[in-house]
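Next up is one chain by itself, shown in structure tokens, the form predicted alone.
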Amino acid sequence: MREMISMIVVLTLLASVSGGLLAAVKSGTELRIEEQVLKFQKAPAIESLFSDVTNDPLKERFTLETGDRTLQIFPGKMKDGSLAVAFETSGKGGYGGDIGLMVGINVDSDQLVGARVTTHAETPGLGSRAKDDLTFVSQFNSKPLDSNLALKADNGSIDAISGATVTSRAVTRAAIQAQELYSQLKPEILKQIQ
């Protein structure tokens, strides 16, 4: 009986120490991980969307709260004088899981600047084309925000990627989510960027 109690005590101590170490590593690397995600996932998408801005959207970013979610908003001052913002949403139900989508919106005209896939776990050569082949996401360019951004198979205006309908549907869900979030947050966004 004594051996069992000592084993339980030793296992409890080991589990506590291990849990504490894992928590310390997580909190110690959290900022570094966030910087890497910004540098290697979000920044390339923003640079692709805002190729003609006069400011640095990464440095001028701010956050807004909506429900249980915190959004990073990247403001862009276009060379033509208009203002735009970019933020990331995610589409549920991709073949390999959620799909991250960076969406750029012209605040003055309430029109999509464009969209770029940031993260995915889709099948290479099929669903991964949503990120690699810009012909799919270029369909979002210059669409008014009141457009139906669903797939044509769902009575929308977007053609699916051949052989990757599930992925295409997840991307359009992310774009529709961006429409909804922008509609909710537009007054707050305008306060921040003007």
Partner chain sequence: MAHSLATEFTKGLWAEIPPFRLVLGLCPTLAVTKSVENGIGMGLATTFVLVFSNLLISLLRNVIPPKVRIACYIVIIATFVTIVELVMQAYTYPLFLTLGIFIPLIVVNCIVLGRAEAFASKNTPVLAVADGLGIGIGFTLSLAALGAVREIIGAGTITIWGGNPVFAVGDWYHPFSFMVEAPGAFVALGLMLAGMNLIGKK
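Positions refer to the first chain, counted from 1. Basically, rigid core = biggest C-alpha set you can superpose within 1.5 Å across the two forms. Just so you know, these numbers come straight off a predicted model, no measurement behind them.
Absent from the display: the form predicted in complex with its partner chain. The rest refers to it.
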item: Residue 32 within 4.5 Å of its partner chain in the predicted bound form, heavy atoms; value: yes
item: Any non-hydrogen atom of residue 36 within 4.5 angstroms of its partner chain in the predicted bound form; value: yes
item: Partner contact for residue 138 in the predicted bound form: its partner chain, 4.5 angstroms, heavy atom; value: no
item: Partner contact for residue 59 in the predicted bound form: its partner chain, 4.5 angstroms, heavy atom; value: no
item: Listed residue (41, 51, 148, 55) with a non-hydrogen atom within 4.5 angstroms of its partner chain in the predicted bound form; value: 41
item: Heavy atom within 4.5 Å of its partner chain in the predicted bound form - qualifying residues of 1-26; value: 3, 6, 7, 10, 11, 14, 15, 18, 21, 22, 25, 26
item: Post core alignment: residue 144 C-alpha displaced by 2 Å or more between the shown form and the other one; value: no
item: Core fit, then residue 26 C-alpha moves 2 Å or more between the shown form and the other one; value: yes
